[in-house]
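Below you will find one chain, with nothing else, as structure tokens; this is the form predicted on its own, and questions on how it binds or moves follow later.
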């Protein structure tokens, strides 16, 4: 329980661990062993969400804070086996199909089979076809096997993940295939580590949710089951890069991103900002007119409504196999999360009001 881990190295390992929506067991098993560094009270609910409970020191009834970080990654699924043993596929989550051609993939069949995504060569394409991105229905997976062998090992419905080694880039940057949202899991682990040296009044439910990429399903059920006083979603946000509007892109190495807007309870937003100022944590603000497209939306509208906040980590190249973050932003997000949690007591929770009577 007292072992200190290098969570940047942990993140690099998590990036290579498969866990597409509905098939999160392998990543869940790894996270369970990591959660047990902080508590022995870890369980899975009926949908597969992994929930770690860390008891606070306050008098009962203690506030309940739920932190949701989804563990699923975008992936693919076999929808046809063609003559010659070529596999056709569709999406589990929102891949950018422009990035799929030439990718190495792992097909999770009766055995794990390495393959590549190919298409008709440009030499055989029309000039019009060469000017356009290749649609997903024109891509296929080649396993280097004959059709008979493929049909023995692979079935329609088998899932597919990109086979990509995670990378340490320069200046603390990290790249890999599933930083959305394994980066936030690393931030949660950094936060739990920070909490060990703080006095915490509230009970904390650290939840690695399932199926966020296909409709925030895990957050819906886990929030309903936990019924927290406060819900916090941690996810990623678009970072500044060529082609991203200045008001949309968050600065890499610029600090944790605090969301504001109708999905966010204004008192939680204010407390996050106060906490960051007190602790000297670099932050950025992001304003959204509607839902945040994170687990935060599902948390907010669960049961009679849950006061919700959202933190994000700036990320480049979202929904590709080379998503990139600065690990210092991961650490800052974890530290902000921990000190926010430590600031919450029963008085703060009882003072959370709705917006309508102001």
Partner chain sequence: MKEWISKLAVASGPSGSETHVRDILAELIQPFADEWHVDVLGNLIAFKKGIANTGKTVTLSANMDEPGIMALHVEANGFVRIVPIGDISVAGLIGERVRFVNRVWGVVGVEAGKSLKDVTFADLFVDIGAESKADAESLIPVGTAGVIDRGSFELGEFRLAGKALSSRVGCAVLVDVLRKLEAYPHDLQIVFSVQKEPGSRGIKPAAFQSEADFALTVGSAKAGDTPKAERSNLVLGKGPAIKIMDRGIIVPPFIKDMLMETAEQHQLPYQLEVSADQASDAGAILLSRDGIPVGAVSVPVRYLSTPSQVVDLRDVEHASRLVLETLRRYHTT
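What you see is a predicted model; the values in this text were computed from it and never measured. Residue numbers count along the first chain shown, from 1.
There is also a form predicted together with the partner chain; it is not shown, and the following applies to it.
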Proximity to the partner chain in the predicted bound form (heavy atom, within 4.5 Å), stretch among 99-107, 177-185, 72-80, 123-131: 72-80
At the 4.5 Å heavy atom threshold, is residue 156 in contact with the partner chain in the predicted bound form? yes
How about residue 201: is it within 4.5 Å of the partner chain in the predicted bound form, going by heavy atoms? no
Does residue 238 reach the partner chain in the predicted bound form if we count a contact as any heavy atom within 4.5 Å? no
Does any part of residue 142 reach within 4.5 Å of the partner chain in the predicted bound form? Heavy atoms only, please. no
By the heavy atom within 4.5 Å rule, which residue out of 214, 169, 270, 116 makes contact with the partner chain in the predicted bound form? 214
The single option of 284, 193, 149, 90 touching the partner chain in the predicted bound form, heavy atom within 4.5 Å: 90
If you apply a 4.5 angstroms heavy atom cut-off, which residues in 46-67 are near the partner chain in the predicted bound form? 46, 47
